[in-house]
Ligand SMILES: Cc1cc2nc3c(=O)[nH]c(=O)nc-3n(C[C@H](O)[C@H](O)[C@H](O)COP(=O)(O)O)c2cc1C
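So this first bit is one chain, no partners, the form predicted alone, shown in structure tokens.
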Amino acid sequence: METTLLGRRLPSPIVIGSGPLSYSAEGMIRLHQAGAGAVVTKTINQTAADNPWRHMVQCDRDTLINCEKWSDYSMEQWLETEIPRAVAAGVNCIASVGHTAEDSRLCVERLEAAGCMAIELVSYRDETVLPMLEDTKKRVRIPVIVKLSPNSPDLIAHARRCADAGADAFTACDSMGPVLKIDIETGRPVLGGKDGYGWLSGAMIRPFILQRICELRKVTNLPIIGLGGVAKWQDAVEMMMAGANCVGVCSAVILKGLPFVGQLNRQLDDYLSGHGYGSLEEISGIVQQHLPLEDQKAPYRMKWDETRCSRCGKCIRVCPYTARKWNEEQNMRVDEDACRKCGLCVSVCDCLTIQE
């Protein structure tokens, strides 16, 4: 499934986000061989990071917390060894650079010369991104991507300023936090670091990221790499429908392994062909066609498919209003007077559908 990003034809819409997997050329090449369309490097800084021990832990299924910093390789190693090696192996390489203009001006021209397809600028503070962006745009001809933080006090206003300053695309978004996980046997924070706090990535943050992408798509036509929470193919479809042009993944590949990349590509292909779409571009931002909702109180009924029902009782168990019950024939029935149309039962049961 090919796609185009920033004028570059990619063999896949899957972009591996900056993180542990892209720690080096070796890691990036593995991701490329697994089917990634492009790979974003671990963030390059003029000072190599010194990470605390135990800086990444699982937090529930498909979710991670980390207090990892940027790359623990020097800037020179990236420029002289890792980038050239990855590019020579065919990787569509996006160089993540942070976190100030002092850092970016030391390397962006050399990263372009080394063959990177784009620069992704990242910072912990909104106010430092614009100087980085303005300086980088003067130095390179390749596209410049701004990585947005979901923790931004005003993400949309910040994105508008970046677009006005010449950003060519956005990555939306980074991890969320700070957050805390505690070892209940010792009472100590699970992660290392001075305060024990970390940053949340993976499935838990997906609804937040989808909302940010949806709002971002309302105000810009620039390409968006949707990053944050994709743990299965259905999540990737949602990301595209919210307004993304490519699907960013990171935590899911860490937790599920490299085969997840190829699996995701195949499943997206199957979805598109099964629904009559010729490309992912056809579903990008499709939710905007249904916004704003004109009538929040449109009447509907829930249809129960008896032939598919396993009688698990989940739809009955989750109903806060006890509106669902089994009758004597063990068929599910609804007390329409008690039902508030909250829709929870439909979201937990494949046998129920909404009929408008």
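Quick note: we count residues from 1 along the sequence shown, nothing fancier. Everything quoted here is computed from the prediction, not taken from an experiment.
What follows is about the form predicted together with the ligand, which we do not show.
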Checklist entry - Counting only non-hydrogen atoms and a 4.5 angstroms cut-off, does Leu31 reach the ligand in the predicted complex? => result no
Item to check | Contact of Ile254 with the ligand in the predicted complex (heavy atom, 4.5 Å) | outcome: yes
Checklist entry - Is there a heavy atom of Ser96 lying 4.5 Å or less from a heavy atom of the ligand in the predicted complex? => result yes
Checklist entry - Is there a non-hydrogen atom of Ile205 within 4.5 angstroms of a non-hydrogen atom of the ligand in the predicted complex? => result yes
Next on the checklist: Under a 4.5 angstroms heavy atom criterion, identify the one residue in Met132, Met240, Cys173, Val261 near the ligand in the predicted complex.
Outcome noted: Cys173
Item to check | Contacting member of Ala323, Met56, Met302, Cys59, with respect to the ligand in the predicted complex [4.5 Å, heavy atom] | outcome: Met56
Checklist entry - When the ligand is placed as it is in the predicted complex, which of 269-277, 179-187, 226-234, 111-119 ends up with heavy atoms within 4.5 Å of it? => result 226-234
Item to check | Interface residues of 7-37 toward the ligand, as seen in the predicted complex [heavy atoms, 4.5 Å] | outcome: Gly17, Ser18, Gly19, Pro20
Item to check | Direction of the Cα shift between Trp53 and Tyr124 in the predicted complex, where the change is 3 Å or more | outcome: farther
Next on the checklist: Closer or farther: the C-alpha atoms of Ala167 and Tyr124 in the predicted complex, versus the form shown, with a change of 3 angstroms or more?
Outcome noted: closer
